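Quick setup: one chain, the form predicted alone, written in structure tokens, and binding and motion questions come after.
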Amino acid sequence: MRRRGLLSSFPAITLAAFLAPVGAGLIGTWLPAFGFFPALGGESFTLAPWRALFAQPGLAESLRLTLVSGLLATLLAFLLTVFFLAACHGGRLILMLRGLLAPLIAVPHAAVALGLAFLIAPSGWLVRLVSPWATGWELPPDVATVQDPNALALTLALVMKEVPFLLLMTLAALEQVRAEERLAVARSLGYGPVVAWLKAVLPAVYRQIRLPVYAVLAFSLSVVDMALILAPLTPPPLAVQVLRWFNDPDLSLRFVAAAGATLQLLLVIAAIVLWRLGEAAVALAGRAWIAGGQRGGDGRAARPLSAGLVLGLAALAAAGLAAVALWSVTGRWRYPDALPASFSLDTWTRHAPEVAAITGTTLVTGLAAAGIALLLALGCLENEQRRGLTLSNRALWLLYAPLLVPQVAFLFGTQVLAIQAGIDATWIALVWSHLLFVLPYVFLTLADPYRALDERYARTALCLGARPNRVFWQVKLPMLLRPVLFALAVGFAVSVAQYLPTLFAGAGRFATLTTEAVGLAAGGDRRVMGVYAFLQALLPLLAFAAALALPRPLALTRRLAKAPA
């Protein structure tokens, strides 16, 4: 009875672990935004922080950059995902690409941004490959391809990262809406493959991926690490500017920063409302289009075009990672040479002590956060099955809350909460801050395989006299070993990518590969940046490789241990 009670408390513990800090963090940010912060002399509520915020030079440009890059990246990523799936549904390319989605998603955002910067910078690899023989450029061209005034480089990097995520979410949703049956009916009525997918599948599948799309929109509007590398810095997008105010030695700017963080939250809410209105407008127009009866063509031109765009993004990401790896072992590489004149491991050996320490911090934090998240997710899912519960849409919204609320909008308040609790700049605060963002991904990754496990295995074991806990440990977990390890790898990858949580919770005492890579991007040596960015990308990939490789030897070991001597 006691064990059942403990299991039933997992959902409450899980919600408290990641929703309470978000709620408290928002309140802890809103109070200074309206002048109330006794520790800094704010004893009463006032609108002075907002007046100071709107008087800041460059605020309008920061808002423009935020909206342009966030909305454009989300729209392009969504349209490209829909176009690709409509044109290539059921083809071999999707099966092949499905195996590559996890590694593409695993690569941290900062590593992708640095790789893209190494490629498209005026002295980047792409220019070197065609100079001077094709361009005549003996010197790097005077063109702002990185940190450009319209944040187009940031937009491109966001599209590169978000298309694999939306593809993965949509492919999972297709299985829930019986896409094959819908397509078969539409094709039997004479519709072309692309139009059939858009008219019969998209309306059903979009309801399933609405929350992931909103999460992409919220992230794109408030991303900081990628913006620090690729977006203009004078002025920068709003989230970066808010971070600068929070870190400014002038403590009075904390009030302005809190108001800016609140404005960032309002901006995300307004963007989601705008997107929702756009959904309604498109649905209204779409119903008339569906009723119109246009059958469309055979989609021959759409397939290579959509495949070329998606594979082009994947190739760009892979080339960026190759550039990062190349720079980490470069001895001398002058412009416009296409390849380094010499290779060397001097950068690795010279920075080995600090790289080892920072890698250790990244590993410990990632494994701890992912392990705790996995424990909570397994407890919630097992409790759900034993009690016959189903996850409601409201609970799903709660699960997505840390992904929909901009990090910069509540992490300052969370830091204040940690200071009051006496855990600021400790391992507990660091792991906890990562857990807020790791837990939703681990739960979403594990939920479908866990629920899809045939219940007859557990029922058979129960009928043979096994207790529920024994069924969980000796029947379910061994059968779910691969998805469990995969969820652990996803959680670890999410932790490695965290930038703002490490800055706020670590208070400068903890450095991870992501914080170091982003910090060096402000003008550091490309060789050193290459070392940190390469390791940042390598660790999640190794985690996924382990998740794929370990189940078979672990199962063999388990069978040998049970075999009679």
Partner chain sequence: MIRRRLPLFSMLLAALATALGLSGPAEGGTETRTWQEIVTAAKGQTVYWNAWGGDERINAYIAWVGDYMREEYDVTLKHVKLADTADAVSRVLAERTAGKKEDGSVDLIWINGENFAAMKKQHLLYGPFTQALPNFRLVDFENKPSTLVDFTVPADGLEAPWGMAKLNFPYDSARVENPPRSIPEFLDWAEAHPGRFTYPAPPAFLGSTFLKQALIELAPDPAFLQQPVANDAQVEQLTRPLWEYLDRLHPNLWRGGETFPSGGPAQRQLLDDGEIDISLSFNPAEASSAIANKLLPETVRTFVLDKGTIGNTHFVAIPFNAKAAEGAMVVANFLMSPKAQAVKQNPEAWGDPTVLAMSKLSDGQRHLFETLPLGLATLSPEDLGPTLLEPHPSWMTRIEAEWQKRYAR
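Positions refer to the first chain, counted from 1. Just so it is clear, the structure is predicted and the values come from calculations on it, not from any experiment.
There is another form of this protein, the form predicted together with the partner chain, and it is not shown here; the text below is about that form.
Trainee: Which one of these stretches, 169 to 177, 101 to 109, 137 to 145, 287 to 295, sits within 4.5 Å of the partner chain in the predicted bound form when only heavy atoms are counted?
Mentor: Careful reading of the contacts points to 137 to 145.
Trainee: I'd like to know if Ser188 sits close to the partner chain in the predicted bound form, meaning any non-hydrogen atom pair within 4.5 angstroms.
Mentor: Taking the distances in the predicted bound form, the answer for Ser188 is no, it never comes within 4.5 Å of the partner chain.
Trainee: For Pro122, is any heavy atom within 4.5 Å of the partner chain in the predicted bound form, or not?
Mentor: Looking in the predicted bound form, residue contacts with the partner chain include Pro122, since a heavy atom lies within 4.5 Å.
Trainee: Val329 versus the partner chain, in the predicted bound form: is there a non-hydrogen atom within 4.5 Å?
Mentor: Looking in the predicted bound form, residue contacts with the partner chain do not include Val329, since no heavy atom lies within 4.5 Å.
Trainee: Does the partner chain get within 4.5 angstroms of any non-hydrogen atom of Asp225 in the predicted bound form?
Mentor: Answer no; every heavy atom of Asp225 is more than 4.5 Å from the partner chain in the predicted bound form.
Trainee: In the predicted bound form, do Gly58, Arg394 and Val528 all reach within 4.5 Å of the partner chain through at least one heavy atom apiece?
Mentor: Every listed residue reaches the partner chain in the predicted bound form, so yes.
Trainee: Pick from Phe78, Tyr441, Phe246, Phe472: which has a non-hydrogen atom within 4.5 Å of the partner chain in the predicted bound form?
Mentor: After the contact test, the surviving option is Phe246.
Trainee: Which pick from Arg128, Lys199, Lys476, Arg182 sits with a heavy atom within 4.5 Å of the partner chain in the predicted bound form?
Mentor: Of the listed residues, the single hit is Arg128.
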